[in-house]
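Only one chain comes next, encoded as structure tokens, the form predicted on its own.
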Amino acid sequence: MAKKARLTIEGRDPIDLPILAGTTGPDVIDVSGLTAQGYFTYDPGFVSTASCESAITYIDGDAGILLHRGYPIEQLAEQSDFLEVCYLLLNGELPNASQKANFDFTISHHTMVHEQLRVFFNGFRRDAHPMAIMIGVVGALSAFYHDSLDIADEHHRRVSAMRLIAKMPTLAAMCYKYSLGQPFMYPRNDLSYAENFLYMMFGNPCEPFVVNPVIAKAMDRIFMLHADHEQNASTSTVRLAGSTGANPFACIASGIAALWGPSHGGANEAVLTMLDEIGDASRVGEFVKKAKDKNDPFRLMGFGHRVYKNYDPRARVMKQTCDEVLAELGLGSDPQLKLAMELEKIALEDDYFVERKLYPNVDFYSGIILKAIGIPVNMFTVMFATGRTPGWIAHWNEMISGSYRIGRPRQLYTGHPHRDFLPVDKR
């Protein structure tokens, strides 16, 4: 017999609510029937509300667990690559050798964008924020690729997914090149996903550009570790936009807009800003003391996580990658990076941080890696958006291919009750 929760409201008969169980994680109380009883639930930020059913990603924040389709992120980061994780998120299973080769080929041969998009960029100021440009150009893809916008057609949805994953790094690199006034670099089909991105970012037509394999591996991992993170703000935005029947390019553009917020995708940028504020490794102790003072507004950025109450499982992998990149580039003497490493050392050893489990998170290390690679701070969130695209698309497709209804959150109204309009001369 299915379990039920009983809601008792003074002066009314009890209301029985079904309790639903997933394959893992806490059970949830189905409150959808409350509307018929004349009630809504009140949950600011939806922090206690399951807005959908999903089989893509599972997080246990207390235990520090992140699973994509059941596979631990640590195993994927160690043994897989970004495009294989994309396939997994989209299709539910890991590909065999033939499927992987075909998927990789398809993505690499869809990386070019419509030539008229080059002209589209000219409508933006050179000093525009890259995320502002990304929102515009990704949303505009629906005007260039309108042959795959029938969301009821499974083939159309798949073509749109391939195009978005393939073209995001091309568009990201174009944003960077446009800000510098440098020529756009066309993608190369002989390079891997991460290699191609680095080539388009840092290459130029005047001379050959050889991608460092250590940097390419680090970039691939950054994309992979950001590929999906369950029902976060941007993913929920994509689902909400998608519930209206909007095309996938518009939905992903809405996710990029949500990601732009400093409380979401801007965290690794905030880490570098904090390091600039501290200024020098000799001042780390001073700022650690400020972070411990509850009356001081200063906070250490890149430490702790809203979801993970234990060590962020992505941070372990990112720390290893960070060490590899700094060693490869010989940046141990860089003042800001030395400062970051000193801050990491204190946070991992100081009882205050250890007891509160305020460990360095994925944003702390990814910010350091991206700076070391040479990616400017205002491009950090663009990197996040590029990596998160397969997760957004997987959630959008999961919703569209199943049963869904348009999202319509309720509210607790606290405005004026009914009042009659008075002409201006009588007010």
Ligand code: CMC
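Between two forms, the rigid core is defined as the largest C-alpha subset superposing within 1.5 Å. Model, not experiment: these values are computed from the prediction. Residue numbers here begin at 1 and follow the sequence given.
Just so you know, the form predicted together with the named molecule exists too; it's not on screen, but the next bit is about it.
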Stretch from 287-295, 100-108, 248-256, 189-197 whose residues place a heavy atom within 4.5 Å of the named molecule in the predicted complex: 287-295
Exercise: P205 in contact with the named molecule in the predicted complex, heavy atom 4.5 Å: no
The named molecule contact at T244 in the predicted complex, heavy atom, 4.5 Å: no
4.5 angstroms heavy atom contact with the named molecule in the predicted complex for G304: yes
Distance check, P335 to the named molecule in the predicted complex, heavy atom within 4.5 Å: no
The named molecule: the contacting residue among I373, L358, I29, C52 in the predicted complex [heavy atom, 4.5 Å]: L358
In the predicted complex, the one of R283, H114, K309, H129 near the named molecule [non-hydrogen atom within 4.5 angstroms]: K309
Contact set, 251-289 vs the named molecule in the predicted complex - heavy atom within 4.5 angstroms: P262, S263, H264, G265, A267
Core fit, then H305 C-alpha moves 2 Å or more between the shown form and the other one: yes
Rigid core superposed: P360 CA moves 2 Å or more between the shown form and the other one: yes
Core-superposed C-alpha of V113 shifting 2 Å or more between the shown form and the other one: no
